[in-house]
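To begin, one chain is listed below as C-alpha cells, in the form predicted on its own.
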Amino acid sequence: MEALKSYFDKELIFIEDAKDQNEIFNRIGKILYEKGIVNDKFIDALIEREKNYPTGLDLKPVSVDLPNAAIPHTETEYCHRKHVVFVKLEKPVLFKNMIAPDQELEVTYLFFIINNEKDSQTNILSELMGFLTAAENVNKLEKLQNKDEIYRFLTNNIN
C-alpha cells in the first residue's frame, strides 16, 4: 500500500458548516461526484452504510477534551479513485459511536475514505485510527484555521 499521506489532496480539504450528517454527506458527496471521484450511487451508499455500521469515534478515552471524529466510507464499487477527504466542521454534528452504536457522539472531524481497492480498506482505517488516537494530532488540528495549514499538517503527520 502506498503511503496514506499520498491519499490527501489540497482540493479535498473542507471547512464546513452543516446542521446534520445527511447535509454534510450530500454536500461532500456531490463535490466528489462532480470531480469524478465517486459514482452517482455514492451518497446513498454512504448514508446507508453509516446507518448499519456507524463510524463515529469517541476520543474521550484518549483525552477528555478532544473533539470526536468519524471515518465515513462505503464499499469500493462506489469509488473511482483512492483519497482521504478531510472535513473540519464549524459546529459538531451527531454520529453514532462505532463501538457502541446506541450512543450518539458530537463529531467535529470527518475523514472520508474513498477507496476503489478492496484489499487496502482496513489498512487505511487502521492508519487513520492511529493518527486520531494520538492526542497531540487532534489538539494541533484544533488550532488550524485554513485548508492549506490543514493539508500541510496532515501530509506531514500521517505516514
Partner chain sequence: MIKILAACGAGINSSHQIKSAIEEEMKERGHDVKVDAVVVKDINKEMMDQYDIFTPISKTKFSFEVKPPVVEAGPILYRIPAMADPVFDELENVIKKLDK
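Here the structure is a predicted model, which means the values were calculated and not measured. Residue numbers count along the first chain shown, from 1.
Form predicted together with the partner chain: not shown, discussed below.
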item	value
Option from 37-45, 86-94, 119-127, 23-31 whose residues, in the predicted complex, bring a heavy atom within 4.5 Å of the partner chain	119-127
All of 2, 9 and 14 within 4.5 Å of the partner chain in the predicted complex, heavy atom check	no
Exercise: residue 108 in contact with the partner chain in the predicted complex, heavy atom 4.5 Å	no
4.5 Å heavy atom contact, residue 66 to the partner chain in the predicted complex	no
The partner chain contact at residue 58 in the predicted complex, heavy atom, 4.5 Å	yes
In the predicted complex: members of 2-28 within 4.5 Å of the partner chain, any heavy atom	none
